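The chain that follows stands alone, in the form predicted alone, written as C-alpha coordinates.
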(Lines give C-alpha, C1' and ligand atoms only; values in the text may rest on other atoms or scores of the structure.)
Protein backbone atom coordinates (compact mmCIF):
# COMPACT_ATOMS: atom_id res chain seq x y z
CA UNK A 1 0.00 0.00 0.00
CA UNK A 2 1.54 3.32 -1.02
CA UNK A 3 0.46 6.81 -0.14
CA UNK A 4 -2.92 7.72 -1.56
CA UNK A 5 -2.78 9.28 -5.01
CA UNK A 6 0.83 8.27 -5.72
CA UNK A 7 1.93 5.92 -8.45
CA UNK A 8 3.88 2.91 -7.11
CA UNK A 9 7.65 3.17 -7.52
CA UNK A 10 8.50 -0.11 -5.80
CA UNK A 11 6.21 -3.11 -5.32
CA UNK A 12 7.12 -6.27 -3.39
CA UNK A 13 4.75 -9.23 -3.40
CA UNK A 14 5.01 -12.47 -1.43
CA UNK A 15 8.73 -12.09 -0.75
CA UNK A 16 10.32 -14.96 1.17
CA UNK A 17 13.98 -15.07 2.22
CA UNK A 18 15.46 -17.81 4.41
CA UNK A 19 18.87 -18.41 5.95
CA UNK A 20 20.37 -21.59 7.39
CA UNK A 21 19.49 -25.21 6.76
CA UNK A 22 21.26 -27.26 4.10
CA UNK A 23 22.84 -30.71 4.13
CA UNK A 24 25.89 -29.79 6.23
CA UNK A 25 24.21 -27.30 8.59
CA UNK A 26 22.73 -28.39 11.87
CA UNK A 27 20.91 -25.18 12.70
CA UNK A 28 17.33 -24.67 11.62
CA UNK A 29 16.08 -22.41 8.87
CA UNK A 30 15.48 -18.77 9.75
CA UNK A 31 12.71 -17.09 7.80
CA UNK A 32 14.18 -13.59 7.52
CA UNK A 33 11.32 -12.43 5.29
CA UNK A 34 8.02 -14.24 5.59
CA UNK A 35 5.65 -13.54 2.68
CA UNK A 36 6.23 -9.77 2.70
CA UNK A 37 4.20 -7.29 0.64
CA UNK A 38 5.26 -3.64 0.45
CA UNK A 39 4.62 -0.68 -1.86
CA UNK A 40 6.53 2.61 -1.93
CA UNK A 41 5.01 5.46 -3.90
CA UNK A 42 6.84 7.97 -6.07
CA UNK A 43 8.38 10.61 -3.81
CA UNK A 44 7.16 8.92 -0.62
CA UNK A 45 9.12 8.76 2.64
CA UNK A 46 8.52 5.41 4.35
CA UNK A 47 10.07 4.37 7.66
CA UNK A 48 10.67 0.66 8.27
CA UNK A 49 10.97 0.04 12.00
CA UNK A 50 11.39 -2.91 14.33
CA UNK A 51 13.87 -4.47 16.70
CA UNK A 52 17.24 -5.89 15.60
CA UNK A 53 16.80 -9.11 13.64
CA UNK A 54 13.27 -8.29 12.49
CA UNK A 55 14.24 -8.39 8.79
CA UNK A 56 14.42 -4.64 8.07
CA UNK A 57 17.88 -4.56 6.49
CA UNK A 58 17.24 -7.80 4.59
CA UNK A 59 14.10 -6.29 3.06
CA UNK A 60 15.98 -3.13 2.10
CA UNK A 61 18.66 -5.19 0.36
CA UNK A 62 16.06 -7.35 -1.40
CA UNK A 63 14.31 -4.30 -2.85
CA UNK A 64 17.62 -3.24 -4.43
CA UNK A 65 18.63 -6.78 -5.42
CA UNK A 66 21.62 -6.74 -3.11
CA UNK A 67 20.58 -10.17 -1.87
CA UNK A 68 18.56 -12.99 -3.39
CA UNK A 69 15.07 -14.23 -2.52
CA UNK A 70 13.62 -17.70 -2.18
CA UNK A 71 10.35 -16.65 -3.76
CA UNK A 72 8.25 -13.60 -4.50
CA UNK A 73 8.50 -10.65 -6.86
CA UNK A 74 9.93 -7.13 -6.65
CA UNK A 75 9.36 -4.47 -9.30
CA UNK A 76 10.94 -1.04 -9.63
CA UNK A 77 9.26 1.42 -11.98
CA UNK A 78 7.25 -1.56 -13.25
CA UNK A 79 10.32 -3.65 -14.11
CA UNK A 80 10.97 -7.00 -12.41
CA UNK A 81 14.16 -6.47 -10.40
CA UNK A 82 15.15 -10.14 -10.21
CA UNK A 83 14.39 -10.83 -13.86
CA UNK A 84 16.58 -7.96 -15.10
CA UNK A 85 19.71 -8.84 -17.04
CA UNK A 86 23.12 -7.32 -16.34
CA UNK A 87 22.66 -4.27 -18.58
CA UNK A 88 19.15 -3.50 -17.31
CA UNK A 89 20.29 -3.94 -13.70
CA UNK A 90 23.14 -1.45 -14.20
CA UNK A 91 20.60 1.09 -15.43
CA UNK A 92 18.35 0.39 -12.44
CA UNK A 93 21.20 0.84 -9.99
CA UNK A 94 21.63 4.40 -11.14
CA UNK A 95 18.07 5.05 -9.97
CA UNK A 96 18.12 3.25 -6.62
CA UNK A 97 20.86 3.38 -4.01
CA UNK A 98 21.52 2.29 -0.44
CA UNK A 99 23.13 4.23 2.40
CA UNK A 100 24.73 1.64 4.68
CA UNK A 101 25.29 1.95 8.43
CA UNK A 102 29.07 1.78 8.03
CA UNK A 103 29.47 4.53 5.46
CA UNK A 104 33.21 4.88 6.14
CA UNK A 105 33.82 1.44 4.60
CA UNK A 106 32.72 2.83 1.21
CA UNK A 107 35.20 5.72 1.24
CA UNK A 108 38.69 5.36 -0.25
CA UNK A 109 41.17 6.27 2.49
CA UNK A 110 43.72 7.78 0.07
CA UNK A 111 41.33 9.86 -2.03
CA UNK A 112 40.01 13.31 -1.23
CA UNK A 113 36.31 14.02 -1.13
CA UNK A 114 36.61 15.81 -4.48
CA UNK A 115 38.40 12.84 -6.05
CA UNK A 116 35.82 10.37 -4.77
CA UNK A 117 33.03 12.52 -6.16
CA UNK A 118 34.73 12.71 -9.53
CA UNK A 119 35.13 8.91 -9.55
CA UNK A 120 31.42 8.38 -8.81
CA UNK A 121 30.33 10.87 -11.47
CA UNK A 122 32.62 9.27 -14.08
CA UNK A 123 30.97 5.91 -13.37
CA UNK A 124 27.33 7.01 -13.26
CA UNK A 125 27.31 10.07 -15.52
CA UNK A 126 29.60 9.12 -18.44
CA UNK A 127 28.00 11.78 -20.66
CA UNK A 128 29.68 14.56 -18.65
CA UNK A 129 33.08 15.99 -19.60
CA UNK A 130 35.71 17.30 -17.20
CA UNK A 131 34.03 20.67 -16.79
CA UNK A 132 30.64 19.04 -16.28
CA UNK A 133 31.99 16.72 -13.58
CA UNK A 134 33.72 19.60 -11.80
CA UNK A 135 30.56 21.67 -11.83
CA UNK A 136 28.39 18.79 -10.58
CA UNK A 137 30.89 17.96 -7.82
CA UNK A 138 30.76 21.56 -6.59
CA UNK A 139 26.96 21.61 -6.70
CA UNK A 140 26.53 18.35 -4.80
CA UNK A 141 29.11 19.18 -2.13
CA UNK A 142 27.39 22.49 -1.58
CA UNK A 143 24.03 20.73 -1.20
CA UNK A 144 25.39 18.51 1.58
CA UNK A 145 27.39 21.29 3.23
CA UNK A 146 30.87 19.96 2.44
CA UNK A 147 32.27 22.57 0.05
CA UNK A 148 34.94 23.51 2.59
CA UNK A 149 35.97 19.85 3.04
CA UNK A 150 36.39 18.96 -0.63
CA UNK A 151 40.16 18.43 -0.40
CA UNK A 152 40.10 16.39 2.81
CA UNK A 153 40.57 12.64 3.06
CA UNK A 154 38.26 10.36 5.11
CA UNK A 155 40.59 10.26 8.12
CA UNK A 156 40.05 14.01 8.57
CA UNK A 157 36.24 13.78 8.47
CA UNK A 158 33.79 13.29 11.32
CA UNK A 159 31.24 10.49 11.29
CA UNK A 160 28.52 12.88 10.17
CA UNK A 161 30.71 14.29 7.40
CA UNK A 162 31.46 10.80 6.10
CA UNK A 163 27.75 10.14 5.80
CA UNK A 164 27.35 13.41 3.93
CA UNK A 165 30.01 12.31 1.44
CA UNK A 166 28.08 9.08 0.94
CA UNK A 167 24.87 11.01 0.30
CA UNK A 168 26.60 13.32 -2.17
CA UNK A 169 27.97 10.35 -4.12
CA UNK A 170 24.52 8.78 -4.19
CA UNK A 171 22.90 12.01 -5.40
CA UNK A 172 25.35 12.00 -8.33
CA UNK A 173 23.39 9.04 -9.76
CA UNK A 174 20.11 11.05 -9.79
CA UNK A 175 18.30 8.30 -7.85
CA UNK A 176 14.55 7.90 -7.48
CA UNK A 177 14.86 5.72 -4.37
CA UNK A 178 17.32 5.89 -1.48
CA UNK A 179 17.28 3.10 1.11
CA UNK A 180 18.97 4.47 4.24
CA UNK A 181 19.91 1.82 6.81
CA UNK A 182 20.06 3.39 10.29
CA UNK A 183 21.22 6.75 8.85
CA UNK A 184 21.86 8.30 12.28
CA UNK A 185 23.23 5.33 14.23
CA UNK A 186 26.39 6.11 16.19
CA UNK A 187 25.94 9.88 15.91
CA UNK A 188 25.50 12.26 18.81
CA UNK A 189 22.22 14.15 19.25
CA UNK A 190 23.36 17.31 17.46
CA UNK A 191 24.72 15.43 14.41
CA UNK A 192 21.58 13.28 14.31
CA UNK A 193 19.46 16.39 14.02
CA UNK A 194 21.75 17.78 11.30
CA UNK A 195 21.44 14.51 9.36
CA UNK A 196 17.63 14.54 9.61
CA UNK A 197 17.55 18.16 8.46
CA UNK A 198 19.84 17.29 5.55
CA UNK A 199 17.67 14.36 4.43
CA UNK A 200 14.65 16.67 4.44
CA UNK A 201 16.57 19.35 2.52
CA UNK A 202 17.73 16.90 -0.16
CA UNK A 203 14.23 15.51 -0.69
CA UNK A 204 12.39 16.45 -3.87
CA UNK A 205 9.11 15.39 -5.46
CA UNK A 206 10.65 12.48 -7.40
CA UNK A 207 12.95 11.09 -4.71
CA UNK A 208 11.56 8.41 -2.37
CA UNK A 209 13.19 7.27 0.86
CA UNK A 210 12.97 3.99 2.72
CA UNK A 211 14.40 4.76 6.16
CA UNK A 212 15.36 1.65 8.11
CA UNK A 213 15.49 2.33 11.83
CA UNK A 214 14.54 1.19 15.31
CA UNK A 215 14.21 4.81 16.50
CA UNK A 216 10.53 5.78 16.43
CA UNK A 217 11.23 9.27 17.65
CA UNK A 218 13.57 9.89 14.74
CA UNK A 219 11.34 8.56 11.98
CA UNK A 220 8.38 10.64 13.16
CA UNK A 221 10.40 13.75 12.24
CA UNK A 222 10.85 12.87 8.57
CA UNK A 223 8.62 10.00 7.41
CA UNK A 224 5.11 10.12 6.01
CA UNK A 225 4.32 6.50 6.74
CA UNK A 226 5.60 3.91 9.20
CA UNK A 227 5.81 0.18 8.44
CA UNK A 228 6.43 -2.09 11.44
CA UNK A 229 8.29 -5.40 11.10
CA UNK A 230 8.67 -8.27 13.54
CA UNK A 231 10.37 -11.61 12.90
CA UNK A 232 10.26 -11.29 9.13
CA UNK A 233 6.68 -10.05 8.80
CA UNK A 234 5.07 -6.67 8.33
CA UNK A 235 2.49 -6.33 11.08
CA UNK A 236 1.39 -2.69 10.79
CA UNK A 237 1.32 0.06 8.15
CA UNK A 238 0.31 3.46 9.49
CA UNK A 239 0.45 7.13 8.36
CA UNK A 240 2.84 8.96 10.66
CA UNK A 241 0.19 11.45 11.74
CA UNK A 242 -1.85 8.56 13.22
CA UNK A 243 1.09 7.04 15.08
CA UNK A 244 0.42 7.19 18.79
CA UNK A 245 -2.87 9.01 18.47
CA UNK A 246 -4.97 6.76 16.27
CA UNK A 247 -6.42 4.72 19.14
CA UNK A 248 -5.66 1.38 17.49
CA UNK A 249 -2.25 -0.24 17.08
CA UNK A 250 -0.70 -3.67 17.03
CA UNK A 251 0.33 -4.60 20.60
CA UNK A 252 3.97 -4.78 19.45
CA UNK A 253 3.81 -1.29 17.93
CA UNK A 254 2.32 -0.08 21.17
CA UNK A 255 5.26 -1.56 23.06
CA UNK A 256 7.70 0.24 20.75
CA UNK A 257 5.90 3.53 21.31
CA UNK A 258 5.97 3.06 25.06
CA UNK A 259 9.71 2.34 24.94
CA UNK A 260 10.21 5.52 22.93
CA UNK A 261 8.06 7.46 25.42
CA UNK A 262 5.66 8.50 22.68
CA UNK A 263 2.57 7.75 24.76
CA UNK A 264 3.30 10.09 27.65
CA UNK A 265 -0.02 11.94 27.22
CA UNK A 266 -2.02 8.74 27.52
CA UNK A 267 -2.83 6.43 30.39
CA UNK A 268 -0.31 3.62 30.85
CA UNK A 269 -1.20 0.48 28.92
CA UNK A 270 -0.96 -3.08 30.20
CA UNK A 271 -0.83 -4.65 26.73
CA UNK A 272 2.79 -5.67 27.13
CA UNK A 273 2.56 -6.81 30.74
CA UNK A 274 2.29 -10.58 31.08
CA UNK A 275 2.36 -12.06 34.57
CA UNK A 276 4.24 -15.28 35.11
CA UNK A 277 1.11 -16.95 36.44
CA UNK A 278 -0.96 -15.91 33.44
CA UNK A 279 1.72 -16.95 30.98
CA UNK A 280 2.12 -20.35 32.62
CA UNK A 281 -1.63 -20.93 32.75
CA UNK A 282 -2.10 -20.33 29.04
CA UNK A 283 1.24 -21.34 27.58
CA UNK A 284 0.84 -22.71 24.06
CA UNK A 285 3.26 -23.58 21.30
CA UNK A 286 3.38 -20.89 18.62
CA UNK A 287 3.52 -22.57 15.22
CA UNK A 288 5.26 -21.16 12.15
CA UNK A 289 1.83 -20.19 10.82
CA UNK A 290 0.85 -18.33 13.98
CA UNK A 291 1.21 -14.65 14.82
CA UNK A 292 4.87 -13.87 15.46
CA UNK A 293 3.94 -11.89 18.58
CA UNK A 294 1.58 -14.47 20.10
CA UNK A 295 4.05 -15.71 22.71
CA UNK A 296 4.39 -12.22 24.24
CA UNK A 297 0.91 -10.84 23.66
CA UNK A 298 -1.12 -9.93 26.74
CA UNK A 299 -4.00 -8.86 24.51
CA UNK A 300 -4.42 -12.37 23.08
CA UNK A 301 -4.54 -13.79 26.62
CA UNK A 302 -6.96 -11.15 27.86
CA UNK A 303 -9.35 -11.77 24.96
CA UNK A 304 -9.04 -15.57 25.22
CA UNK A 305 -7.76 -16.02 21.67
CA UNK A 306 -4.20 -17.16 22.38
CA UNK A 307 -4.67 -20.59 20.77
CA UNK A 308 -5.96 -18.97 17.58
CA UNK A 309 -3.15 -16.43 17.50
CA UNK A 310 -0.55 -19.14 18.09
CA UNK A 311 -1.74 -21.31 15.20
CA UNK A 312 -3.19 -19.00 12.54
CA UNK A 313 -1.70 -16.12 10.59
CA UNK A 314 -3.67 -12.88 11.06
CA UNK A 315 -4.59 -10.94 7.92
CA UNK A 316 -4.52 -7.18 7.72
CA UNK A 317 -7.49 -5.26 9.09
CA UNK A 318 -8.24 -1.69 7.97
CA UNK A 319 -8.49 0.38 11.15
CA UNK A 320 -8.41 3.85 9.59
CA UNK A 321 -7.54 5.72 6.43
CA UNK A 322 -4.41 4.04 4.99
CA UNK A 323 -3.88 2.31 8.34
CA UNK A 324 -3.67 -1.50 8.43
CA UNK A 325 -2.86 -3.86 11.27
CA UNK A 326 -2.38 -7.65 11.21
CA UNK A 327 -3.99 -8.64 14.52
CA UNK A 328 -6.89 -10.94 15.43
CA UNK A 329 -7.47 -8.90 18.57
CA UNK A 330 -8.69 -5.91 16.58
CA UNK A 331 -11.74 -7.81 15.33
CA UNK A 332 -12.71 -9.38 18.67
CA UNK A 333 -15.92 -8.28 20.45
CA UNK A 334 -15.10 -6.16 23.46
CA UNK A 335 -11.87 -4.91 21.93
CA UNK A 336 -11.16 -1.39 23.13
CA UNK A 337 -8.79 1.35 22.06
CA UNK A 338 -5.27 0.57 23.22
CA UNK A 339 -3.96 4.14 23.11
Partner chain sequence: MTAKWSDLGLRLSGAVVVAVMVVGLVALVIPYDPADAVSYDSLLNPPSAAHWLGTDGQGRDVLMRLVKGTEAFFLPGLMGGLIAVVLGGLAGAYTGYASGPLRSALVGLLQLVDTLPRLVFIILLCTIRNPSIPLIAVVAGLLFVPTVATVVRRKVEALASEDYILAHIAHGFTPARILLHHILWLQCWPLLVRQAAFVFGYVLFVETGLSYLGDYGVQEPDPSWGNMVAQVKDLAGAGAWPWLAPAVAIVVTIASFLAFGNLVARKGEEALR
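Residue numbers count along the first chain shown, from 1. Everything numeric here is computed off the predicted structure, so don't read it as measured data.
There is also a form predicted in complex with its partner chain; it is not shown, and the following applies to it.
- Every residue in the set 97, 111 and 153 has a non-hydrogen atom no more than 4.5 Å from its partner chain in the predicted complex.
- When its partner chain is considered in the predicted complex, residue 245 lies well away from it, no heavy atom lying within 4.5 Å.
- Proximity of residue 123 to its partner chain in the predicted complex falls within the 4.5 Å heavy atom cutoff.
- Among residues of the shown chain, residue 313 is not one whose heavy atoms approach its partner chain to within 4.5 Å in the predicted complex.
- Contact check for residue 142: no non-hydrogen atom falls within 4.5 Å of its partner chain in the predicted complex.
- Of the candidates 93, 220, 73, 231, 93 is the one whose heavy atoms come within 4.5 Å of its partner chain in the predicted complex; the others do not.
- Shown without its partner, this chain lists 169, 149, 225, 255 as candidates; in the predicted complex, only 169 has a non-hydrogen atom within 4.5 angstroms of its partner chain.
- Proximity to its partner chain in the predicted complex, taken as heavy atoms within 4.5 Å, picks out 113-121 from the listed stretches 132-140, 202-210, 113-121, 182-190.
- Along 34-65, a non-hydrogen atom within 4.5 Å of its partner chain in the predicted complex is carried only by 61.
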